[in-house]
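Just one chain is shown here, as structure tokens, and it is the form predicted on its own.
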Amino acid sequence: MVVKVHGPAFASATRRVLACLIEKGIDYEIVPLDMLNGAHKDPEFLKLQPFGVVPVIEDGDFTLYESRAIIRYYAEKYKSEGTELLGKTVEERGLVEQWLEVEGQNYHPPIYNLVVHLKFFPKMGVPVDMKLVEESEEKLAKVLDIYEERLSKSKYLAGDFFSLADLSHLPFTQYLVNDIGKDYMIRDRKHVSAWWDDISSRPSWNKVLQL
């Protein structure tokens, strides 16, 4: 069965889901959504996602939204297919979940602020809050220092295997390194830099970037 992915392929959260589907070898169809013209607030879309954000997947009769929930779902549903993204033991699974939470709660908020204010607001003509940018960079730097320590002891965040914990960092770190002039935040940390080069060179991510 082909999974329907509602949302533009360039959207960060959609990219997170697509990377997971490709890693697992799951067939998918992207259902375009013209967000610039408000299609995500259309009543028909709101039936699928009442909060009006992307992505949403339709897997047969099953509908699911929130990108981190979606990647967990597919990593579990197709656990024995494609790349093992959850770990092989209960302990490994626990570490995957731990670092997924770290990404969502500690890493994502400051990097989101940096990307939105430095990449998107200027294009939209929205004033940039430089105080918030400075505060967010300070917060992200502290998080990355913890990552540097962790990655000095293991190749990936949850251990010596690529997992959802690493995959979930791909969309916004891509912007950080390539689009907003903050690549030094990754490159100044030896182990974080090596980790980023590794995960961002995966065929699945390269394919997502070409969509």
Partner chain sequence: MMKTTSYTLHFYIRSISSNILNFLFVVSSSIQFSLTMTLKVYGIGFSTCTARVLTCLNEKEVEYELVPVNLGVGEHKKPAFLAKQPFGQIPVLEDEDLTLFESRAITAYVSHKYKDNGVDLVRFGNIKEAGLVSVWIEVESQQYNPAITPIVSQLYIIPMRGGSTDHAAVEAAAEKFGKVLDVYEARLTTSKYLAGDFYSLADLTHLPYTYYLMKSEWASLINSRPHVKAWWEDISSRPAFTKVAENMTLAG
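Positions refer to the first chain, counted from 1. No experiment lies behind these values; they were computed from the predicted model shown.
Absent from the display: the form predicted in complex with its partner chain. The rest refers to it.
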**Prompt:** Of the residues M185, L33, L64, L151, which one places a heavy atom within 4.5 Å of its partner chain in the model of the complex?
**Reply:** L64
**Among the candidates E76, D129, E81, E135, the residue which, in the model of the complex, approaches its partner chain to within 4.5 Å (heavy atoms)** = E76
**Request:** Tell me, please, which stretch of 159-167, 24-32, 45-53, 177-185 lies within 4.5 angstroms of its partner chain in the model of the complex when heavy atoms are compared?
**Result:** 45-53
**Item:** Close approach of A39 to its partner chain in the model of the complex, 4.5 Å, heavy atom
**Value:** no
**Prompt:** Wondering, does V90 line up within 4.5 Å of its partner chain in the model of the complex on heavy atoms?
**Reply:** yes
**Request:** Although its partner chain is absent from this view, report whether L118 comes within 4.5 Å of it in the model of the complex, heavy atoms only.
**Result:** no
**Request:** May I ask you to check whether N106 falls inside a 4.5 Å heavy atom distance of its partner chain in the model of the complex?
**Result:** yes
**Request:** Using the arrangement in the model of the complex, list in sequence order the residues of 144-163 with any heavy atom within 4.5 angstroms of its partner chain.
**Result:** I146, Y147
